[in-house]
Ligand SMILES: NC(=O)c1ccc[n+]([C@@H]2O[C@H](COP(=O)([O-])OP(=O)(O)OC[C@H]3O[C@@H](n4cnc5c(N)ncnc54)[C@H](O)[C@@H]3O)[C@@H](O)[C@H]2O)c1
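Just one chain follows, in the form predicted alone, and it is written as structure tokens.
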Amino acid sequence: MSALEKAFYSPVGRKVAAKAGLAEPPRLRRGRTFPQGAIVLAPLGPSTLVAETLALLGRAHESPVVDDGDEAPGYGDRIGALVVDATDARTVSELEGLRAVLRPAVRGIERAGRIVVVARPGGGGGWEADAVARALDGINRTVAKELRGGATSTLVYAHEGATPGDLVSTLGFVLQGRSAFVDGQAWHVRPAAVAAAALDARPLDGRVCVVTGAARGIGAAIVRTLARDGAVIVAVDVPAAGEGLAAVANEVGGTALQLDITADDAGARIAAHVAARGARIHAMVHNAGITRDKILVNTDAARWGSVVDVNLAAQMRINDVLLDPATEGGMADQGRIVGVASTSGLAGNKGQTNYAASKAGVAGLVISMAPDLAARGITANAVAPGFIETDMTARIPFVQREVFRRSNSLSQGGSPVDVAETIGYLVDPASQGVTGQVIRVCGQNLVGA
């Protein structure tokens, strides 16, 4: 439960909310939990891709209710999810099939339920097919804004050649509570060299994962989530955060490395720490970041440079060292690199030109890195958090904080664990087909792309 949910659902919180005229935020379903109600599968053609993926997940499915008249038919009981296999959809007329299965489902979806559309991306299929692929994105984003009760909508572009094993981690993530604050988003899954056979509850067993900025907040949540999934944690933060860093590392049986990531030897020190334990890195999570907010006309070179160096340039220097195959304790083949971007970088934010530059740079970096690392099976992705409830955001004035919380489709701030769960999905070995992607963890923030 997020900080906002806790505040509202307390007796005092309910009274304050009622006086202020604020509606209670929906309760979100989190963790490795599937919907309670039935999963409904609606194929729009002969494809069995999604049906086979659900079988790998061990999830039964039911047939959809289809709207073919003015009065929308309903479901007898609330359904947990509607999953649409739209991989055969190529023409504008076929969009009617999607409307016909969405209308009853949107009316009948349970709280914190899921709408998921799996489709082919545009490119190479002709003008109409490309238009349809983009139309599906518009439908997905709009449905996400119309859903209520914490339900979410997701669009997954499955490229030609992607198998059920390539999709199993993605479909598992979006159906489970791990995707609670990922709403109205679309990303791509490509064919992988080795496809998964099932969804693993502990996919990171024995694998070394390095997390920077790990002493508190989102970083600490990432550490705990990856450790839950079996990872051997190296927690990194500045010496000033040493006490908190040690506590987080000890909690999960990991090791702590006090380090200023902007130091010239930061990458070498991370690699040496891992090599001393006879290992190589499976996942490098670049979470550390700072803000030095001022409107641009008041931003001097020092304020600009410090943010860009910590949030972007340091990642690049560390990656250069760790990606060198000759570096002992560096990145292993089939490894994972995840950067933490921000919706401020994707949409812009007044007073954060330096921060937006650095976070947009993180998104650009992983997109550029992905094809160059493909030969080694290494993926590069980013998450872009929106308003996440942390100790830092708790210091924002009340009115401004409420505006931030409610400027998304889920009417609340996210929890650090929401960012952590998305990173956990990206570093899962079964997510090999997901690379060069930027996934927003923002509850479908109403501002920006």
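Note that residue numbering follows the sequence shown and begins at 1. Here the structure is a predicted model, which is why all the values come from computation and not from measurement.
Keep in mind that the form predicted together with the ligand is missing from the display, and what follows is about it.
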*Sole residue of V116, L323, A186, A241 within 4.5 Å of the ligand in the model of the complex, by heavy atom*: A241
*the ligand isn't shown here, but in the model of the complex which of G80, P164, G217, G122 has a heavy atom within 4.5 Å of it?*
G217
*asked:* So, Y355 and the ligand: in the model of the complex, are they within 4.5 Å at any heavy atom pair?
replied: yes
*Find out whether any non-hydrogen atom of M392 is located within 4.5 angstroms of the ligand in the model of the complex, and reply yes or no.*
yes
_Contact label in the model of the complex: T262 to the ligand, heavy atom within 4.5 Å_ = yes
*Does N287 make contact with the ligand in the model of the complex, using a 4.5 Å heavy atom cut-off?*
yes
*When the ligand is placed as it is in the model of the complex, which of 140-148, 69-77, 333-341, 127-135 ends up with heavy atoms within 4.5 Å of it?*
333-341
*So which bits of 371-390 sit within 4.5 Å of the ligand in the model of the complex, heavy atoms only?*
P385, G386, F387, I388, T390
